[in-house]
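In structure tokens, the next block holds one chain alone, the form predicted on its own.
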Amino acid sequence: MDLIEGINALRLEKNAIILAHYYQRDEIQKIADYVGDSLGLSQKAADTNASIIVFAGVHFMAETAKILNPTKKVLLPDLSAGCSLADSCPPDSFSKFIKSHPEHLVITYINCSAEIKAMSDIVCTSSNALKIVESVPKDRPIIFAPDKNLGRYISKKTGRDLLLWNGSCLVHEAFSVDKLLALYKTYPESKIIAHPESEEHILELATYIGSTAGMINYVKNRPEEQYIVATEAGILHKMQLEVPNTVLIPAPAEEDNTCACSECAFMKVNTLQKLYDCLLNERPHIEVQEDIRLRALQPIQRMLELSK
């Protein structure tokens, strides 16, 4: 049976919804019920009536869906789909960090494990981090974790002195400023747009800085321009669908690879075959320990409430 036909048949039979991140393979984005960034995916997971949620993304995203849907089965096509940013914040070390700063409110970027979310006061995404930090009274000190680049960007935008955890995303730190400048010289009419997880020297070159959804909307509203896009290359699929006649150029990575751009190996481990297999067998499924789930649920709900 054709894989796509098989996935569609199983999706109907099992009342399943397929959620996919913008960084997934093109063929997965094409068949997903919803494609979005972390905020949009969280909102969709919170609202779905499906019996099964197949999360075509990485582990922390599927965990978030399970935290919001304890009675539903949440499937991840490949359990090895991790996240370098989430890995950069081990729970034991972070617990000691926040205990040494008891007066601080803890805001964590959604790209972290359920254990880290359970230690947080509010969760945020790159779409709403600015709004969430600004919602905290100015006299309340804040720990921001785990992404130091996003934290530094938000600190600069708000004027808040955030206490940053020293974590980062390997994909967004892989961009080469020298190669980017060389590319810009080749395409001087281009605008550089970047994700705030990128390093400061990349952000300084950008005309626009925003979340994956924000970048897509920015380009959609200005289709007459030409763009160099500094985030994971998977975004180009959805972006090009929105602006089919716009020239989109992936920002170059430091290391040469097959596409000369920055790709997340974790995001790319999910395939159509694995998607079909996980729907067929209803595994691997995600479980979150109940006490952790309940503690992690509160800061996620605060984020969703603030994002309305």
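Residue numbers here begin at 1 and follow the sequence given. Please read all numbers here as calculations on a predicted model, not as lab measurements.
Not pictured, yet referred to below: the form predicted together with ligand 13P.
Ligand 13P is not shown here, and in the model of the complex it never comes within 4.5 Å of any heavy atom of residue 149. When ligand 13P is considered in the model of the complex, residue 42 lies well away from it, no heavy atom lying within 4.5 Å. Contact check for residue 267: a heavy atom falls within 4.5 Å of ligand 13P in the model of the complex. Contact annotation: residue 38 falls within 4.5 Å of ligand 13P in the model of the complex, judged by heavy atom distances. Highlighted residues 111, 126 and 212: every one comes within 4.5 Å of ligand 13P in the model of the complex, counting any heavy atom. Of the candidate stretches 204-212, 72-80, 174-182, 133-141, only 204-212 contains residues with a heavy atom within 4.5 Å of ligand 13P in the model of the complex. Taking ligand 13P as positioned in the model of the complex, the residues of 5-33 that bring a heavy atom within 4.5 Å of it are, in sequence order, 21, 23.
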